[in-house]
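Here we start with a single chain on its own, the form predicted on its own, put down as structure tokens.
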């Protein structure tokens, strides 16, 4: 089975702060990591390859430093790594990003399964997977927490708000996964040495390599633009109630009435 895994290098959001003057994310000095749910997508691909055979190809889009992410995926066991890196890709929203990723998948040729994390922790849009599927005009299964693959089809359990859904889909298909799906393996020493050697199987593709027009990717090809990023400020009205339980309950009820908060009968 020919498997493609979409991964993204993201800042460790536990360390990200916003510049109060510019409203932009402060990325300097912030460690970059593989998007957590993308790691689960890669692990799923590796397990399916071990079961059915085939290849696992990782595709990532980003600046040159994203090479570290692709190399880590190779160290975990991926067969081939591709980094889409070009100034023309800068400033892309999800639409333009999905266009570039979709064109890269087309360049690869035949594939059976595309795997990706549900969403990236730096954007939380959960749009890339579905948009790539629409671009390629293939079926998609989202929010998958259990996955099995057989020749010609995948069997999945999708998490829903009020339960779950068991579904089968023929290949080719794109699947976005949740962190509950599996436990990603660690890179091996042998894998790290192979991924970082001069013979590392990482390829860097630009816009011309994937045959995409510059006006269709990056900022030029984006349908949405970020106007401003800011941290909302909220003031809290805190009061400390003292006295007996009866007195505190009466004061609390009166405070709720003043705020026009109606209590259930």
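Everything numeric here is computed off the predicted structure, so don't read it as measured data. Positions refer to the first chain, counted from 1.
Although not depicted, the form predicted in complex with a small molecule is the subject of the following passage.
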Using heavy atoms and a 4.5 Å cut-off, decide whether 140, 148 and 173 all contact the small molecule in the predicted bound form.
no
Taking 4.5 angstroms as the heavy atom distance cut-off, pick the stretch from 219-227, 236-244, 206-214, 57-65 that is near the small molecule in the predicted bound form.
57-65
Flag residue 182 as yes or no: does it have a non-hydrogen atom within 4.5 angstroms of any non-hydrogen atom of the small molecule in the predicted bound form?
no
Determine whether any heavy atom of residue 119 comes within 4.5 Å of a heavy atom of the small molecule in the predicted bound form, and answer yes or no.
yes
Closest heavy atom of residue 126 to the small molecule in the predicted bound form, within 4.5 Å or not?
yes
Is residue 73 a contact residue for the small molecule in the predicted bound form, using a 4.5 Å heavy atom cut-off?
no
